[in-house]
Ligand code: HEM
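Before any questions on binding or motion, here is one chain by itself as structure tokens, the form predicted on its own.
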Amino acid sequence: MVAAARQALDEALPAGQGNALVDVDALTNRLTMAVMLRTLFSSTAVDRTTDAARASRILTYCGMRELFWPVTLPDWLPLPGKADKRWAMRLLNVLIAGHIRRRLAEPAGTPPKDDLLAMLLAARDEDAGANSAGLSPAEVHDQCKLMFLAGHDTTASALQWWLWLMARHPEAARRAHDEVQRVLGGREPTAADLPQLDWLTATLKEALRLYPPAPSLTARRTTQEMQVAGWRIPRRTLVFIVPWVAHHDARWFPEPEAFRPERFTADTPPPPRGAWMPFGTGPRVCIGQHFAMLEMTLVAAMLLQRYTLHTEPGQAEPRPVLNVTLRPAQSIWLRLARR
């Protein structure tokens, strides 16, 4: 994660230029794509990353649209969006299959890789013992595709909104930078540093509250009729839990539209269980939540070591668009200045 962030952040501004307007969407997509390629496949390849990011975005749009159709129509039909979906699926399948094929073709004696693909290939059923069969080729492929899509797009969205909030609230950004300097002293961060980066973590959690990357994807079907807040919900109704709405409940978050990271500092009582749930909650909580928080905190610390963030005079607030991931209607551009 640190190696990927170092390269992406060092290249965020043109060489020799002290400051510049930067497309935050492009920066965060490039960075999180690099993180996923390294952590999933131990790959530093940069070819086709722009296409892969576009494919990921297309699939989130398709997923949100099809989520509310009574049935999902076959992808071969000549319907709006189907050609883009076929292209996106084909590109990601080829990219992932290529990485798996190259790994399986490595000669005996090749030093083992320390990445998620190696863990998937080595996985065995704990109850069946060490001699149990591993995942099938199709299962390995599908798990890689899931991690690739979920691990890239959601984190890019979260970082984009965090960057905007830091630029809009320079005092909070200065406090985060001072904390990073005090804890790290100019060196690169490690996982062991996270407990000491209390304020920085709080700014990220508050960004996740205001702009949860997966704003409306948690759904459950009722097994019996129930009453909730005066509403009668019949049996077998599909109910969506929407973190974007829950996170703006003034009972738990006074002034819910305000950016107040102190809600999440170590000396503040946490909100009630279920009030803040950017990763879901319960037995099916997002399996990648710790991966995502680690990645975002490392990236945020390294960015603040290198740059200050500024909005442009008169710059309008970005308008969030409800999708599988919460993105601004238009790309956010911020001015980054080297420290």
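From 1 onward, residues are counted along the sequence shown. Because the structure is predicted, anything quoted here is derived from the model rather than measured.
Here the subject shifts to the form predicted in complex with the ligand, a form of this protein not shown in this document.
Peer 1: Among 262 to 270, 178 to 186, 223 to 231, 153 to 161, which stretch has residues with heavy atoms no more than 4.5 Å from the ligand in the predicted bound form?
Peer 2: Contact criterion met by 153 to 161 only.
Peer 1: So in the predicted bound form, does any heavy atom of residue 279 sit within 4.5 Å of the ligand?
Peer 2: The answer is yes: residue 279 has a heavy atom within 4.5 Å of the ligand.
Peer 1: If we define contact as a non-hydrogen atom of the residue within 4.5 angstroms of the partner, is residue 288 a contact of the ligand in the predicted bound form?
Peer 2: Judged by the heavy-atom cut-off of 4.5 Å, residue 288 is in contact with the ligand in the predicted bound form.
Peer 1: Quick one: does residue 292 come within 4.5 Å of the ligand in the predicted bound form, counting heavy atoms only?
Peer 2: Yes, contact at 4.5 Å.
Peer 1: Can you check whether residue 218 is within 4.5 Å of the ligand in the predicted bound form, heavy atom basis?
Peer 2: Yes, contact at 4.5 Å.
Peer 1: May I ask whether 36, 284 and 296 all come within 4.5 angstroms of the ligand in the predicted bound form, judged by heavy atoms?
Peer 2: Judged in the predicted bound form, 36, 284 and 296 all sit within 4.5 Å of the ligand.
Peer 1: Going by heavy atom distances of 4.5 angstroms or less, which of 147, 167, 197, 88 would be at the interface with the ligand in the predicted bound form?
Peer 2: By the 4.5 Å heavy-atom cutoff, the listed residue in contact is 147.
Peer 1: Quick check on this chain: which one of 208, 202, 92, 173 has a heavy atom within 4.5 Å of the ligand in the predicted bound form?
Peer 2: That would be 208.
Peer 1: Within 4.5 Å of the ligand in the predicted bound form, which residues of 315 to 339 have a heavy atom? Give them in sequence order, or say none.
Peer 2: Counting only heavy atoms within 4.5 Å of the ligand in the predicted bound form, no residue of 315 to 339 makes contact.
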